[in-house]
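Let's start with one chain on its own, the form predicted on its own, as structure tokens.
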Amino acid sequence: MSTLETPAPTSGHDAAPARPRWQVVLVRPETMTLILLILGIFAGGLLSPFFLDISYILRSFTLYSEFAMVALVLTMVIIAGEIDLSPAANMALSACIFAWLQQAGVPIPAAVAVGLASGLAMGALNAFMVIGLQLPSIIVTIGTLTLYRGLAQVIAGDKSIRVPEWFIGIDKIMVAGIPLPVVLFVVVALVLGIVLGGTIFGRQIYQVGTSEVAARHAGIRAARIKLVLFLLVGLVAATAGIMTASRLGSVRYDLGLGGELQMVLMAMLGGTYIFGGRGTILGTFLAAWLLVIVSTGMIVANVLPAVQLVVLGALLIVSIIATNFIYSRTQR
């Protein structure tokens, strides 16, 4: 009569020792971003005493708040294994549609609604080509970036379209002493942070980005998740475009030009993994403030615009390398 053999218990020497908790916390992209933010504030304080004035920092942030809001949603798109380079052009086209309609006599609420709907339509077009036609998202959104920007120029021409005086000044509206765009950015960050880190939908985004095939076998509707994300980034980009119109008081086809770099930089600098599956809203939130500090510091130091672009490009490359290095040695 045979007896069932049970496997010998695994020796403690065979298992990798657990890393200390402090090491897990410190060796994370978000920690790197926080340290850089603190160093940036310190360096900015040496350049100008205004950096030590919280109201000055908040006012400076209003210049970047629209890009920062879109970057939060873009973070989720990248975590899901895709990328969207068209939101800045989406902002311009949505704002031009809104401004053209209100100039033609359409009531402001209706013009805003059409502008937001156009943003959703642009997100849906990106989703159709990426999900329905199975085209690479980076190629698709480079194409739609050019398309949307071109359509914005067709609508607005080379002239500015003014918006009503009463519609101007969203950055001057204060909520408990904080500019409204900053409040909106914080609220969006909190909501998306809860969704991504504390819901089943958020965990599914990570799973889709880690392995879409495995996610499908697990019963996750990857296509639906990506559709929702592309629609969301389109809607938020349109909202950001109309907010920018209110802040500037007019709309041009080149609104938000070059914003793609800043949005991607915020996500990458915050530790979002370019290949998907890893990243946090907190990281992008911190990176947005870091980018404001760096950009404002260069302006205070009278750094030439061309040099500023070089610095931002270098930051993007370094952030991608650093994030890849950290994730290659740690688990999320």
Partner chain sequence: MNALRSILLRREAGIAVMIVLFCLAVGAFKPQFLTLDQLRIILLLTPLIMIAAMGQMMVIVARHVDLSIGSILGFSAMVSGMLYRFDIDWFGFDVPWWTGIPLSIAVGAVLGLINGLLIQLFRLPAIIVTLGTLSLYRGMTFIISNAKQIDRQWIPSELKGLSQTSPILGIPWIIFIAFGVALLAYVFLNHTRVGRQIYAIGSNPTAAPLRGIKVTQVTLLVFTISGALAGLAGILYASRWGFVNPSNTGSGFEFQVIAAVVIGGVSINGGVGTVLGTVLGVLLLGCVAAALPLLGIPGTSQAAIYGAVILIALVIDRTVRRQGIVGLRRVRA
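Everything numeric here is computed off the predicted structure, so don't read it as measured data. Positions refer to the first chain, counted from 1.
Same protein, other form: the form predicted together with its partner chain, not shown, and the subject of what follows.
- For a residue to qualify, one of its non-hydrogen atoms must sit within 4.5 Å of its partner chain in the model of the complex; all three of Gly143, Val307 and Ala314 qualify.
- In the model of the complex, at least one heavy atom of Leu133 sits within 4.5 Å of its partner chain.
- Interface membership of Ile293, defined by any non-hydrogen atom within 4.5 Å of its partner chain in the model of the complex, is ruled out.
- At the 4.5 Å threshold, heavy atoms of Gly193 stay clear of its partner chain in the model of the complex, well away from it.
- Contact annotation for Ser250: none of its heavy atoms lies within 4.5 Å of its partner chain in the model of the complex.
- Here the chain stands alone, but in the model of the complex its contact with its partner chain, taken as any heavy atom within 4.5 Å, falls in 257 to 265 among 220 to 228, 162 to 170, 181 to 189, 257 to 265.
- With the partner removed from view, the residue among Leu235, Leu85, Ala127, Ala215 that has a non-hydrogen atom within 4.5 Å of its partner chain in the model of the complex turns out to be Leu85.
- Taking a 4.5 Å heavy atom cutoff to its partner chain in the model of the complex, the contact residue among Ala110, Ile200, Ile139, Val175 is Ile139.
- Residues Val140, Ile142, Gly143, Thr144, Leu145, Thr146, Leu147, Gly150, Leu151, Gln153, Val154, Gly157, Asp158 of 140 to 166 are found to place at least one heavy atom within 4.5 Å of its partner chain in the model of the complex.
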